[in-house]
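Just the one chain here, laid out as structure tokens, in the form predicted alone.
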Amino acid sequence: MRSLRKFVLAALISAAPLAACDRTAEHAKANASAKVGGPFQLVDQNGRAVTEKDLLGKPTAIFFGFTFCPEVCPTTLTEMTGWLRDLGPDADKLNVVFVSVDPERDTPEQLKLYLSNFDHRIRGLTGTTAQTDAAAKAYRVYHRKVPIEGGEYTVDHSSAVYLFDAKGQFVEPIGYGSPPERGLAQLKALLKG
């Protein structure tokens, strides 16, 4: 009886990792077929109208955030500035876009001022709340306004940089907090196509 229990326990332990791998593979397969990206109508930091069609013809790195963000956005944009520097002249072959999920405060003028702290090739986009919500939905970006003390608010939001090929097809994300050299390698691979 005791050896039977040991056998059953050993069988369960050895089967557990396989079951987890199957679920992960199924989950990854489901995510790979999910559509990321879509139509949007926004304006850039200079007040010019921009749609998703303006990004076609060059690979794109797109990130959603807000200029009052205390950590994730400045960290990501600082990393992106470093990656663009490290790419050298190839950086000009890439669209880099920062889309606001806080259109109440992120006017084109505010985006222009904020982005002056980072690489000049990073383009900021904003719009009405309905327009930025629609863009975030198309790109499957989570965001939610959260009240804080003093009547102010912050915005919880997804933190990945999404990479698209020159035809506007989603390739993969750069995860927040991943090693900087990995993000640079992902951008180099994106540029090679």
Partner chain sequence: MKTLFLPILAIGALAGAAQAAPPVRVAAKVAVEGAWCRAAPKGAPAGGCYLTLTAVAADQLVSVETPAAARAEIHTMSMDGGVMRMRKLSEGLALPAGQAVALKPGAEHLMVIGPKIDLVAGASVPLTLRFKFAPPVAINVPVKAVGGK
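For clarity, every value in this text was computed on a predicted model and none was experimentally measured. Residue numbers count along the first chain shown, from 1.
We do not show the form predicted together with its partner chain, though everything after this point is about it.
- Highlighted residues 71, 81 and 113: every one comes within 4.5 Å of its partner chain in the predicted bound form, counting any heavy atom.
- Just one of 165, 133, 156, 54 comes within 4.5 Å of its partner chain in the predicted bound form, counting any heavy atom, and that one is 156.
- The partner is not drawn, yet in the predicted bound form one stretch among 125-133, 38-46, 55-63, 140-148 has residues with heavy atoms inside 4.5 Å of its partner chain: 140-148.
- When contacts are judged by a 4.5 Å heavy atom cut-off, residue 117 counts as touching its partner chain in the predicted bound form.
- Contact check for residue 107: every heavy atom lies farther than 4.5 Å from its partner chain in the predicted bound form.
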